[in-house]
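Below you'll find only one chain, the form predicted on its own, shown as structure tokens.
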Amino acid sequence: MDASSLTDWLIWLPIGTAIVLWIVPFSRYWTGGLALLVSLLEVALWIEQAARFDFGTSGLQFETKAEWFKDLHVSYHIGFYGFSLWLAGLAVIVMAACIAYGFWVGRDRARAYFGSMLFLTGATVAVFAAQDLLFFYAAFEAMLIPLYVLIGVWGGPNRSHATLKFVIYTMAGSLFMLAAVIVLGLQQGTFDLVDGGTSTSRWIFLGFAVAFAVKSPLFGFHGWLPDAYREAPPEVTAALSGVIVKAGTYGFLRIAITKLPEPTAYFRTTLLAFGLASLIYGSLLAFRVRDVRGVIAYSSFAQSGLIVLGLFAGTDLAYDGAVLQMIAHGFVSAGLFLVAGAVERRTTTGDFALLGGMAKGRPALATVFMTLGILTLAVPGSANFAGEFLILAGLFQRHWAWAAAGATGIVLAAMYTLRLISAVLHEARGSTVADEALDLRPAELGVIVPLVACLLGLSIWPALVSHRSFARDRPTQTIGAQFK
């Protein structure tokens, strides 16, 4: 297979399969089986792409470019840089796990469900591969369509309210981005991210920043998060927290910071303040909430703030740490939400008051949950520790006060993580935890263990991502040259 076509396959194979599933009346079993097969093929294609990728050179790789709207200089332009390749890998691996979980659970209306999951996979990869502003915007918006269906149809009892809030927040942010895309594209004379230059417009920067702050999410823009994370099916929440929100932090890096360097410098302190507020406020909320999904949701909110701190610190160490933290947190968050789904299936609840004592007689559940919890704690030797350490070191290079405040927020993570582990595994057994509640089944382990294995592998070799995200491991120089 031609190397440049691998990116096309990663985007259009799942989208094409989704259309087939929506049209052809396959049985539930064949629908789920085909969706799982395609998701695993996506992982195989990405592995081949990663094996061929030259991390030592600058510029776009696995590139495809075709004219779309000639008069406006709009093109179908896709390709990968090092950091976007890792994010695409995170997307296909997590989505494969989520599709496998949905297949094992046996979701009803299988054709609509698995078609939506595959469409979401293709749209997410397209966001990380897009090198044209309008194509990026189209892919960014395309992610909303399957999420609206997946939460609104297969979600919990308050799914309508959660879906409406999610759509309103996301669409409002996207309107700002659309205006910014149009103005920047017309100002540059092209919508191509590679060929286009930079802009000094602070209004354009704010248009992108609002959209990415909603998607990330950041403090003040996170109102959609609690309801969506609680009401969505566990595997959809895993995809949303592990992968979809990374589109916001990716957008900050690829577009806002790279294409608008002067406004980035002007608003740096403001964005650092938003990131710090997200980190501390999210950590405090995670410590106060009384349910499993609430803790994981607000911890993800806090981690988004930490990643934004790394991105707007503007130093080599912080950029490397931010990308590594995006990948590590994506796997941790997805794994925790899938385990939360397993707990809910056995107890019908995620309320701490009704849980407890689940470690007894369930060694697999306890081992997986403890492993993910320890990795969330960012103990030395874990990928999360490496990411957080690099971000703090980069913040210290910016100013010691930012590093000190960031470290305070990270300490809070130990409080809510230990509380989560204790409430589910070790406290007195709750009324919903029956003796006959089974341990994790082989199929569940087959879904979750690969995510844990990726985390452990990344913990052993964090430099695989942190030193291979930017050309010659020079982030500020690469970003200053607009990745050319």
Partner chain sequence: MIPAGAWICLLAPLAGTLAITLCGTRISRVTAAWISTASVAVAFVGAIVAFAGLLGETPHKRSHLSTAWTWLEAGTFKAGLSVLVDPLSVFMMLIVSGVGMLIVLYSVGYMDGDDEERRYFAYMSFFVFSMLLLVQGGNLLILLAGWGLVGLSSYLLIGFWHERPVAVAAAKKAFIMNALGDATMALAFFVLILHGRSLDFGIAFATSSHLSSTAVNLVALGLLGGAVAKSAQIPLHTWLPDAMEGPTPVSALIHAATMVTAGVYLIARTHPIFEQARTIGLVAAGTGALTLLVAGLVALVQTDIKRVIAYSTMSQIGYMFLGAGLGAYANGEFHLMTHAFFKALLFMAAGLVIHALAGEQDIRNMQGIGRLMPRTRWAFLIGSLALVGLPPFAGFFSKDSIIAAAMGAHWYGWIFWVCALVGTFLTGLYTFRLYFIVFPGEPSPFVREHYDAHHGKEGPWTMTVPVGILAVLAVIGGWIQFAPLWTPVTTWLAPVARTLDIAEPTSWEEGISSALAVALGLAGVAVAWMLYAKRERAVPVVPTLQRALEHKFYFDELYDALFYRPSAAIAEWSRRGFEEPVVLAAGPELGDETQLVGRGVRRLQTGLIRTYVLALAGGLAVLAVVFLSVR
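Residue numbers count along the first chain shown, from 1. Being a predicted model, the structure only gives us computed values, none of them experimental.
Form predicted together with its partner chain: not shown, discussed below.
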With the partner omitted here, the residue among Y266, Y76, F389, Y148 that in the predicted complex has a heavy atom within 4.5 Å of its partner chain is F389
Assert contact residue (its partner chain, in the predicted complex, non-hydrogen atom within 4.5 Å, options I47, A437, M415, A443) equals M415
Assert contact_stretch over 266 to 274, 232 to 240, 253 to 261, 377 to 385 against its partner chain in the predicted complex, heavy atom within 4.5 Å, equals 377 to 385
inquiry  = If the criterion is a non-hydrogen atom within 4.5 angstroms, does every one of L285, R419 and S422 touch its partner chain in the predicted complex?
reply    = yes
Quick one: is H426 in contact with its partner chain in the predicted complex, heavy atoms, 4.5 Å cut-off? yes
For this session: Consider T432 of the chain shown here, and say whether it contacts its partner chain in the predicted complex, taking contact as heavy atoms within 4.5 Å.
Result: no
Q) Do S459 and its partner chain share at least one heavy atom pair within 4.5 Å in the predicted complex? A) yes
Indicate whether V289 is a 4.5 Å heavy atom neighbour of its partner chain in the predicted complex. yes
In sequence order, the residues of 160 to 179 that place a heavy atom within 4.5 Å of its partner chain in the predicted complex are H161, L164, K165, I168, Y169, L175, F176, L178, A179
